[in-house]
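Only one chain is included here, represented as structure tokens and corresponding to the form predicted on its own.
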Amino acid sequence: MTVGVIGGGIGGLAAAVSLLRAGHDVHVYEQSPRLSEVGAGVQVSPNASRVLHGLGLADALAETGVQPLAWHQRRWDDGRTLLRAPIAAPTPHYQMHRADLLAALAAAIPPDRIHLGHRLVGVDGTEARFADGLRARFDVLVGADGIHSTVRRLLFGPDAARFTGCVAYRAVVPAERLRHLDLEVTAQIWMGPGRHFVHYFISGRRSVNFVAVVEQDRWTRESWTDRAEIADVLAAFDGWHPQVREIISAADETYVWALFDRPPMPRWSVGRVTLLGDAAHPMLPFMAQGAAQAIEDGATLAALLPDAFDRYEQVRLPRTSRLQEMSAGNKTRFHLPDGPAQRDRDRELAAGSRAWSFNALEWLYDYDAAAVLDR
């Protein structure tokens, strides 16, 4: 089948690779003049790496990806370990720079299948119309154009994303500057009142990615992404453990993201036009599953074409909706104010409660899209 993919981010390119491997005639249209990713780090959990390995990208992932030893959850002020959950899965878990993952996906697609500088303005059936006058008709059209999705708006009408009351400061720090901290190769999550801080190695351990999430009442800037000052991040994490503040201070620059989401949709498809990734199920990053679920979407869609849009939604909607809900719930768990609820949470973690272990998420990380479809 001929398939047009709107959006050249991680979800769109991963879908294109899956569709090409399934034998379909695929073209990707990206509005930017070049393929690029911002946001620095991305977690490629086993459920996603299983798909990417199956597409022949194991060597590319291993070249720049870092395999963490554990999830390490810590207290915000004294650095006390609340839970250190080893990561043990048959397929690797990678921590990567988003640009490295995008480059690996792009390298798996023939250059003549990626069309840059094409901004979608209309959809007529499965014909895509672009701002430069180009029209392209396909058997199937896929909207992988993110939380701002034009395809979603054209199919289902305007639907304003909701501000979740959180902003995220993101930066990448050269690992050399932090050598004196002797950082372990884990994903460290520091939890505190109204905010949390995550850091991990990327780019073959040459860099450290951090995400600093802070609750605030509203977002008043015109853009959802903006440059911020390191001093702002330090002020937001005043009184936090010295390791957190040293990582922040070592950054040259940081950007701030407003975190938006949308509630689960009842359906993603109209005729032979459908959605995937953030266009279909945007979620908070507190389960580190946004990119992974987009990768799963693409693999499932590729396996089910040509005539299975209903099955695509039946397979994917319950899983992604559950993760949207869990991601939102982690905002509360990570940000508990010091007090009885926080002490209960910390006691459960310190006791090694299985509810908070890596193994408790077997349903998530052991997921095999091909096996699910076989069943």
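In this text, residue numbers run from 1 along the sequence as written. Model, not experiment: these values are computed from the prediction.
Missing here is the form predicted in complex with a small molecule; even so, the following discussion is about that form.
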{"item": "In the predicted complex, Glu30 touching the small molecule (heavy atom, 4.5 Å)", "value": "yes"}
{"item": "Touches the small molecule in the predicted complex: Glu296 (any heavy atom, 4.5 Å)", "value": "no"}
{"item": "Close approach of Asp346 to the small molecule in the predicted complex, 4.5 Å, heavy atom", "value": "no"}
{"item": "4.5 Å heavy atom contact, Trp268 to the small molecule in the predicted complex", "value": "no"}
{"item": "The small molecule in the predicted complex reached by all of Ile6, His118 and Thr150, non-hydrogen atom within 4.5 Å", "value": "yes"}
{"item": "Which of 276 to 284, 188 to 196, 173 to 181, 236 to 244 lines the interface with the small molecule in the predicted complex (heavy atom within 4.5 Å)", "value": "276 to 284"}
{"item": "Answer option from Leu155, Ala168, Ala302, Ala104, heavy atom within 4.5 Å of the small molecule in the predicted complex", "value": "Ala168"}
{"item": "Sole residue of Arg206, Arg84, Arg75, Arg98 within 4.5 Å of the small molecule in the predicted complex, by heavy atom", "value": "Arg98"}
